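First comes one chain, alone, set out as structure tokens in the form predicted alone.
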């Protein structure tokens, strides 16, 4: 049986009042030429390399990186060398209980991201997790409850949209009506395994959530954003372990069909990127509209060059190619704005949770293909 689930994004708005102490001590809009940070932030858990991009996004948006905690010395040492501006602390409570820190970032083991986020929000701080930010529906229910109680921000950095310049530009074009009404998205998320370099948790679905939950979360986020869907359902999903019988719980292939109140989507994910590709995966996004379509070649363009950020726009006038390097990726700046002003400009809380719920529903109802 192929699972179906109807989802709604209602009733998850963030609070509207900024903490008085925060606005009193930091300038929300520094004058030109000023270098004073707008907020201070810390990091707890650095188990995935995405944490460097998370830090860069917030620093670029006006954040001052002041402290980090990690349980693993072998991870903490090189991370500290890359970020000498921040001090290492031996207990996460030194960050959680520091009133001068307003935002916490994390790429801790995926199954631990939601429990950490609960602690962050309960300490009166905002939170940005690497994807997948939540790995079970039970975690999602608890995160939703605490977020509503505390009115803190629980943001998940879906980096394939938020940290890719060509995808940012594609969103601007689609929202401007360049291809008419969006009908469907096709998101392809191939990845390279690098077996000797992967930690034990990478192979354990209880830790990483499964392929549709993990790398699939990027694609569900993009589907919702480009179709502007606020409700959605999983039409069909399947997963398979083809190449790694020594890890029976692992999945190296997955795909899903989704339908929302703004359009439809198809998602395909795999861990089959060959060693000969000059990057870790040939990620692509196609956005079909009534008057044209956009194709984003995120990290490589096999026919053109090894670099990323390529966009093709096809409409009634012809074919355009756009090199999107240099396009601003505003997520970090907008998130800092939201921390200061209690707004939802970087990502609405409803969207964040709905993208996660879609990935969890797809994972939970996926047909397991054997052999």
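If you're wondering where the values come from, they're calculated on a predicted model, not measured in any experiment. Positions refer to the first chain, counted from 1.
The same protein has a further form, the form predicted together with another copy of the chain, not shown here; the description that follows concerns it.
Enquirer: I need the one stretch from 111-119, 72-80, 139-147, 277-285 whose residues put non-hydrogen atoms within 4.5 angstroms of another copy of the chain in the predicted complex.
Expert: Stretch with heavy atoms near the partner: 277-285.
Enquirer: Is residue 36 close enough to touch another copy of the chain in the predicted complex, meaning at least one heavy atom pair within 4.5 Å?
Expert: Residue 36 lies outside the contact set for another copy of the chain.
Enquirer: Verify the contact flag for residue 263: yes if a non-hydrogen atom of it lies within 4.5 Å of a non-hydrogen atom of another copy of the chain in the predicted complex, no if not.
Expert: Flag for residue 263 set to yes.
Enquirer: Going by a heavy atom distance of 4.5 Å, is residue 52 a contact of another copy of the chain in the predicted complex?
Expert: No.
Enquirer: Mark residue 89 yes when one of its heavy atoms lies within 4.5 Å of a heavy atom of another copy of the chain in the predicted complex, and no otherwise.
Expert: Outside the cut-off, so no.
Enquirer: So which of 214, 270, 160, 130 gets a non-hydrogen atom within 4.5 Å of another copy of the chain in the predicted complex?
Expert: Checking each option against another copy of the chain in the predicted complex, the one that comes within 4.5 Å is 270.
Enquirer: Please pick, from 243, 207, 93, 151, the one residue with any non-hydrogen atom lying within 4.5 angstroms of another copy of the chain in the predicted complex.
Expert: By the 4.5 Å criterion, the partner-contacting residue is 243.
Enquirer: In the predicted complex, do 183, 188 and 304 all put a heavy atom within 4.5 Å of another copy of the chain?
Expert: Answer is yes for this spot.
Enquirer: Going through 297-322, which residues have a heavy atom within 4.5 Å of another copy of the chain in the predicted complex? Please give them in sequence order.
Expert: Contacting residues: 297, 301, 302, 303, 304, 312, 314, 315, 316, 317, 318, 319, 321.
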